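Heads up, the chain below is alone and in the form predicted alone; it's given as structure tokens.
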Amino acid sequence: MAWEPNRLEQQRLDKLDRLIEAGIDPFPTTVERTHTTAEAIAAFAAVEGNDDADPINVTVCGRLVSSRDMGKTVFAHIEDGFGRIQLFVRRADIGEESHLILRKLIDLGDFIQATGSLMRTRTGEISIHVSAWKLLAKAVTPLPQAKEQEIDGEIVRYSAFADIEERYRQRYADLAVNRDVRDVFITRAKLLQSLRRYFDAHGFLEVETPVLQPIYGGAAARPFTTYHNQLKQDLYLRISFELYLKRLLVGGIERVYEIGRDFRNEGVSFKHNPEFTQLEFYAAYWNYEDVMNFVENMIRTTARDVLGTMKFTYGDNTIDIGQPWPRITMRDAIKQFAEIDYMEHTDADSLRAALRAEGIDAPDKAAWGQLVDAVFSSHVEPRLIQPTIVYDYPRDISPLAKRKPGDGFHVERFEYFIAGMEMGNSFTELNDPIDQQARFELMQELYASDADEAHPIDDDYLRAMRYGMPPNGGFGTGIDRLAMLFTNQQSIRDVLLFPHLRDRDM
């Protein structure tokens, strides 16, 4: 739909024309920035009080976020990616014409460049005494403006951009007016940087594996499909990195990790998004106990790096990841919270009847392992607020994990939980190609009516395993949920820069 400017936009377009008529380029090609706002403030603070120090001259750039026109003097603030600083602009210093253009043709939201000497005003604020300024970019559409109100004796600044869905659709405007939103994504970036440092320091190699795959695998999920015109092939957006990363173990790379996008064509919730960022790693000669220790230390190290603490608030809870993490089997966790011992009901029909007798939902077509997982999800997971490791999962929902020795029902698998959310998943990885093929075939049989649960058979992966795969431990965690945790955000959309939304007319 063609853009039709509204009244305010038309006023700004008229100002744009007047600027051009005055010989001012509203979108110049060069900038002369010498300092960020933070650097300018730090430079002044470093010499303040030293009477022998020379004046500090700076040129800063940023978006105009406030302006008070006092006639012969303008007080304004500009904001860049590092902070904000006040501008002190006098007509006598920049000339009458330049001062008039600043007052009449420049709007909040415009990007400007200001040159001058640093000073502290009578109110105590570090400012730039402006000797020259320049327009860098004219904002045609006004940004949603922040407002202030008094709450319990304090002045609270809040955004008038309150429609949460509109903020997701116009994340650029959301970021421009809400510093706290920018801080969320700065923290997310620091989280990724910290994780990479941790893996690099422990001898892991970061790799990249295909996003487009002829056979999807590594998880139980519905894929997105696409078509390769040149090769005339149906392809899938990956749902996991797992099978490709483990191929690299076969090739002699002993420790590998990848951070990237996965895609699962499934539902959306406060903790699920069809496109999400995943971290996976695999280490030769480790089992799931080695991975438990590594992951517990990884999360502590990352929190300390990013937050400066291992104790923080999430929702109504104070989370302490510095304490030793409790470890409990899935069987014991369900016995504790749901008062069901599923090992007393080792076939699907018996377990289904026992669950229904306790008033617990048990779908007719669910396999035994699915029923165990369902009661865990409904009765246990929401109660795991402090970091907790749950281990030993049913074999028939874990086709890529090694069996527990002497146990025909469970595999060496764990998940860790924080704030009632599953945060990551790990196996002692299956490296027996004969057992792996049988597991794939069993999944096809058990979940013949549910294609999402029936892991497809990947013959090339089985061939790779037949060349010999070292024993290994693997792990995957969602970066988005970690970002939610570290920034105290209750919805995954609040840690995604551009979440996908329904069409407006749906």
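Just so we're clear, the structure is a prediction, and the values are computed from it rather than from any experiment. Don't overthink the numbering: it's just position in the shown sequence, from 1.
Below: the form predicted in complex with the RNA, not depicted.
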Among 352-360, 316-324, 224-232, 259-267, which stretch sits within 4.5 Å of the RNA in the predicted bound form, heavy atoms only?
259-267
If we test each of 121, 309, 336, 346 for a heavy atom within 4.5 Å of the RNA in the predicted bound form, the one that passes is 121
Find the only residue in 403, 255, 171, 103 having a heavy atom within 4.5 Å of the RNA in the predicted bound form.
103
In the predicted bound form, is there a heavy atom of the RNA that lies within 4.5 Å of any heavy atom of residue 190, even though the partner is absent here?
no
Any of the heavy atoms of residue 41 lying within 4.5 Å of the RNA in the predicted bound form?
no
Indicate whether residue 70 is a 4.5 Å heavy atom neighbour of the RNA in the predicted bound form.
yes
Residue-level contact is defined here as any heavy atom of the residue lying within 4.5 Å of the RNA in the predicted bound form; does residue 206 satisfy this criterion?
no
Is the RNA in the predicted bound form close enough to 162, 443 and 493 that every residue in that trio has a heavy atom within 4.5 angstroms of it?
yes
Stretch 200-234: residues contacting the RNA in the predicted bound form, 4.5 Å heavy atom cut-off
218, 219, 220, 222
